[in-house]
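This document opens with one chain alone, in structure tokens, the form predicted alone.
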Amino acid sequence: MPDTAENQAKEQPRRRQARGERRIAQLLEAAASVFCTTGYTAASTNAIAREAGVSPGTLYQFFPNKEAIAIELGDRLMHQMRDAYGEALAPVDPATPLEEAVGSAVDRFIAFNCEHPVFFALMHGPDVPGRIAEEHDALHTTLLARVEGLLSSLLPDTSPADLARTSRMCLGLYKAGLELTLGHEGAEREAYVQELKNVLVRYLEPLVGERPGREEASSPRTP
């Protein structure tokens, strides 16, 4: 009997912790919806609590203010984003066709941002909390290094200065295309994704030159 009572006593904190984690996830999901709809500046804790279907008092048990919610949400999203771009921007076999290398990376990033539209809303908003801005700057630096790593496998003879410049251009083109892509849905969104791939491929094509797989892909089809 004492063992049973002791086990029950240990189980109660675990259950409370699990309920707390579920509530936090519920509040963060609601915050993501509100931030996407109104933007960070116009959002309020009352609106987030209302979206989550809880009282403001319940929200304040877990987060002291809107900024704390945004920071927690941003931290989780950036952790997921690092996992996503770690896979998307790994160096590729030099024989990989340019269209395949670009298409694979773009698809992974677009998929992440379409699944988490609040990421763009938080990271590119005009009045995001300072900590999020700092984390975003660090993410941008790491992302740029990953892009350079990917491009170095496609442009092995390029100087470091030229590689850095090309990487910044690719990242800038991607961000511009991402904003346009997220502004559309369905077939039109898919069309913008393809346009983004086309822009990147056509920018990189003269730099990459003839590569294995390129000749067949670029040759005109016979009727």
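For clarity, a rigid core is taken as the largest C-alpha set superposing within 1.5 Å between two forms. Worth saying up front: this structure is predicted, and the values here are computed from it rather than measured. All residue numbers refer to positions in the sequence shown, first residue = 1.
The form predicted in complex with the DNA is left out here; the points below concern that form.
Non-hydrogen atom within 4.5 Å of the DNA in the predicted bound form for each of S44, F62 and K66: Checked in the predicted bound form: all three residues contact the DNA.
Heavy atom contact within 4.5 Å of the DNA in the predicted bound form, the stretch among 191 to 199, 53 to 61, 175 to 183, 153 to 161: Residues of 53 to 61 come within 4.5 Å of the partner.
- prompt: Once everything's superposed on the core, is T158 shifted 2 Å or more at the Cα between this form and the one not shown?
  reply: After core superposition, the displacement of the T158 C-alpha between this form and the one not shown stays below 2 Å, so no.
- prompt: So the Cα-Cα distance between L144 and I69 shifts by 3 Å or more in the predicted bound form; is it shorter or longer than what we see here?
  reply: L144 and I69 sit closer together in the predicted bound form.
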